Each structure stands twice: as C-alpha cells, then as structure tokens.
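Presented below, as structure tokens, is a lone chain in the form predicted alone.
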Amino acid sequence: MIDVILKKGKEKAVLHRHPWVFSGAIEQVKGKAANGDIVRLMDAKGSFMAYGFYNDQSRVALRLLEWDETVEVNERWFREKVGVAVASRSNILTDGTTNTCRLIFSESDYLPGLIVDKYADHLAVQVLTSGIEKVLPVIIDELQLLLKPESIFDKSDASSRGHEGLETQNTVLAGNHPPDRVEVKENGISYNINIAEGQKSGFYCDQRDNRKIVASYAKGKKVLDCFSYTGGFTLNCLQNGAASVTAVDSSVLAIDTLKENIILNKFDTNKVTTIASDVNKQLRKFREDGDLFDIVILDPPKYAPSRSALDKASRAYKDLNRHGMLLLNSGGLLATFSCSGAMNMETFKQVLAWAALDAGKQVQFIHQFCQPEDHPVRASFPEGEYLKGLLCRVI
C-alpha cells in the first residue's frame, strides 16, 4: 500500500476525524498511487493516521475511511458500511406512508462520494469519487442482496465528477431500466417520478419533514409554492386543506408531472394554478398585479456552490426573499430555504433581515428547518449540513 505523508502541522483535522485532506496539506507520496486507490496516510514523523481514497486530480486529494490501523479496508468493510446505512433508515419506511428516502449519504455514512436513494422498489445511485467508482461492483452487489430492487440506475451526472477525473454516467447498473413513471409515497402522498430524466436522482426527499411542517399551517390559506418542482409542498398543503395553491417552476416537465400528481392523489384541480415560468420574473408580475398570499414558499436551487460564491448568492437570496415578503398579507408566513452548504444559518438569518429592511417589513423567526434523519450530519464533518430554512411571520 502506498504511503502519503502529511505536512508537519496539518494533523489536527485528521486527528479530529475530518474525512478530507486537501492536496496542499500533503508533503510527499511514496510511490505511484492510481486515482481511487486506498493509501495509508502518515504524519510527518512516519506514524499511521488513517486509510483513505487517493486522487491527485482532486483538490480533496484524500478522502479518509478508517482511522484504526488494524482494520483492513476490504470488501467486507464496504459491505458492512452499506448494511449499517441501510438498516439505519428502516424506521422511516416501516409504517407504510413513506417508501422513498436516502439510504446512503456520502461522507455522513462513511462512504465518501456515494449517494443512494430508494424510490419504492428502485434505487438511484450517484458516484462522485474515483474511490467509490473502483468498489462500485461490491456496493451494487450488497444493495441487491439487502434490498432486491427491481432496478439500480446510475445517475452520476454531477459536475463534481469532473474534479475527480470521471465522466458522467446515466445507465442501468442492475435489473431493468426504471420505467418513465415510478410511483412513490411520502407522508401518505403519492408521486410519479422519473428516475432517469428527473432532476438530481429523481426527487427531493430531503424536504420530507419540512413539507409536513409547512402544510400544518396551510388549512384554509392561499399558498404560493415557488420552485415547486413536481409538487412536494403543493401536495402536502392540499392534503392539509389549503384553500388554493399557486405553483411556479421554470421546468415544463416538472409542472406537467405536478399536474399528474394532483390527479394521482385525487385532489381538487380547481384549487391549483400551475405556472411554468422563471420564479423571479413571476414574483415581480404578481406584485404588479396586486396578488397577495397567506403563505409563500421559496425553495430555490443552490445559489452558493462554494464559499467564493457566497457574496453573490447572498444578494440573490436577499432579492428573492424581498419579493416573497412583498407578496404576503400582513401576518402571513414565509417558508424560505437554502440548500447551499456555504450558507450557514446565522448568515441566512442576516440575509432575511436585510430583505425585510428593504421590503419595509418586520419579520419574526418562528421555526428553523433542517434536513431529515436520512441526511445525517456527521459530527466530524459539518460540511454535510447543507439544508436549512426558516419559517417567518411577516408583518
């Protein structure tokens, strides 16, 4: 096994079991390791620190796996990690109201670069590191043994694969090609999703708990759901008795699927207005037309992919939320989210304070949203905490 020597003074994060070692922290590589190989990380004095995946093309040159030198990182090690992750989600799926969730969440489940989502009897996989790519056959075999899915589909089209020297993939890994429409249940609501063609891995199960919380306020209310995708918040609000919901998304395919989901759940189509449009443009139009709502939901895509983009993203979040606040009746609720890991909660609160000031509104924070238990945050890897949100009363 190849030894990678850490620079003197760079030991702290490794000792605290953070799983990333950046290329600038490496003093020397003794030998020639191929990308994705498992190597030994040694400190400057030559003492063992951890085993990890190596990749000299990535800014994160080492993704650490195991800190016990006596534990061999082999096929059995990976099978055990997969098994533990899958078993830890069992309580989400036991009552029959939900059959979709994230089974494996990358570093947070000790498998850096591996995402596995369950959609009824189908699995969607994203492989984001060269190390996981090398052991993928073992992982797929273990998933088949544990779950016996009808299909396992590779959705590894994330741009981050390029940083690891990997090409995008979009192919069947096991079983049959998933059908164009897979029906899943979440919170007792049915959704038709398209695994192969849908955004990300096909659905956003990270908002499962937050949809229920927002919907608990929706009875008898006029709701605006922005960046609605296939209707997660819309359908939960309808289930809880919303008077009306207006859903806005730029994707025509997403809006068409949302309409299908309304019919699938036998909700009253007369209560729903769907608009395929750029959200920011549509918010301005609502303002010009004098439309007001009781609840506004803002669940935009990632505005800050890195810390360097945070200032620009903060301005975009402020402008978006200012428009949302201006569309609320006095005392109305703004449910607003950020899925940018670089945006922490305190910064997000400050952005909303600036938006309220510009809008001439007063804001009370009455609830904080986070990601659900199938998207755990590892204590030694705070970067795994990406989804945050606030429920605001706007006066």
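Note that residue numbering follows the sequence shown and begins at 1. Keep in mind that what you see is a predicted model, and the values were worked out from it rather than measured.
The form predicted in complex with S-adenosyl-L-homocysteine (SAH) is left out here; the points below concern that form.
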Problem set entry | Which of 146-154, 248-256, 306-314, 170-178 lines the interface with S-adenosyl-L-homocysteine (SAH) in the predicted bound form (heavy atom within 4.5 Å) | 248-256
Exercise. Three residues, 211, 229 and 232; all within 4.5 Å of S-adenosyl-L-homocysteine (SAH) in the predicted bound form via heavy atoms?
Worked result: yes
For this session: Verify the contact flag for residue 278: yes if a non-hydrogen atom of it lies within 4.5 Å of a non-hydrogen atom of S-adenosyl-L-homocysteine (SAH) in the predicted bound form, no if not.
Result: yes
Problem set entry | Proximity of residue 204 to S-adenosyl-L-homocysteine (SAH) in the predicted bound form, heavy atoms at 4.5 Å | yes
For this session: Indicate whether S-adenosyl-L-homocysteine (SAH) has at least one heavy atom within 4.5 Å of a heavy atom of residue 299 in the predicted bound form.
Result: yes
